[in-house]
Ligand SMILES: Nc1ncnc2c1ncn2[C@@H]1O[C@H](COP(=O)(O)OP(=O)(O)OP(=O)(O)O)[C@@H](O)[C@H]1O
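Listed next as structure tokens is one chain, alone, in the form predicted on its own.
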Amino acid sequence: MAGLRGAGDVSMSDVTSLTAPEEAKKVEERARNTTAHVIIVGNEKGGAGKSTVAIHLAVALTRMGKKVGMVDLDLRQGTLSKYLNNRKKWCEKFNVTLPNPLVHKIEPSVARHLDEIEADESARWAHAVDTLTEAGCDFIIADSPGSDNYLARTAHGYADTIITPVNDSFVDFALLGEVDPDTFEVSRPSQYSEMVWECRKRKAIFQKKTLDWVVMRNRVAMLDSRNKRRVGDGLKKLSERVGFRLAPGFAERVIYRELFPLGLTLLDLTEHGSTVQFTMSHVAARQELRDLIMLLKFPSLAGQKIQF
């Protein structure tokens, strides 16, 4: 029978009870002490390729034998949810079984007052982490929205790893730091960088754990350019100042746009039913994904050979 191997929607119990302070506190405590490695793919700008990175990372880890859970934090646009729904339809159409993560859907709060909405969203996120942990997930990957909101900030506070894709543009660079328009020198970190820094401090103080922040240059142009070099130089200087690690990321390829409506990833192109011709460009793209996973250095993958 066609389907998504190891996949499914994790149904959410009635979360209205989670707004009760005592119950919410218990769920949050369990969630913050989750045994799963929590990965937030996030920044505060749309169009950087967060959903593409999230789904490729999830499928890669699943193919490596890990149980992966996913949460779409973009409750308005829901790009990741649409991607996964397209994947489900493709499997049904071609009677194919593909590896896929467990999916936990968070519904928008129906509360009317801001403080109630924030408490509700915190409870829903903690419940998502707690439920996916109980389901045995080794990794929980959350795709954050391209904007600043309370739910995204809350999720960042749970992260073990934050992956921030940025395009080779000073528009995207502004997400991380301000640049002098005359010298292109970094003048100061941005609001997002400061938010991640605060998350790091809180995690170190209250959980005695480190938060690894990786910035990856995404949709990188194949050809060299002055702008590309300037952005690269700026990111290197900012990484030394703010403390994130730099990853080479994914090159600009048309294939990523073609894969979304199919719900497929680069790792699915040789599956039965795929009409996408597998080329050397796709081989190179797969290597970029391997390079990213190697750079991330997840503890549970230590010594494991990356085979996909």
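Worth saying up front: this structure is predicted, and the values here are computed from it rather than measured. In this text, residue numbers run from 1 along the sequence as written.
Omitted here: the form predicted together with the named molecule. The next part is about that form.
- This chain is drawn without the named molecule; in the predicted complex, the residue among V27, V242, L269, A48 with a heavy atom within 4.5 Å of it is A48.
- For the options Q77, N149, N86, S169, the one in contact with the named molecule in the predicted complex, meaning a heavy atom within 4.5 Å, is Q77.
- When contacts are defined as a non-hydrogen atom within 4.5 Å, all of R219, F250 and Y256 contact the named molecule in the predicted complex.
- Across the options 77-85, 108-116, 234-242, 199-207, residues that bring heavy atoms within 4.5 Å of the named molecule in the predicted complex belong to 77-85.
- Using a 4.5 Å cutoff between non-hydrogen atoms, T265 does not count as a contact of the named molecule in the predicted complex.
- Among residues of the shown chain, T62 is not one whose heavy atoms approach the named molecule to within 4.5 Å in the predicted complex.
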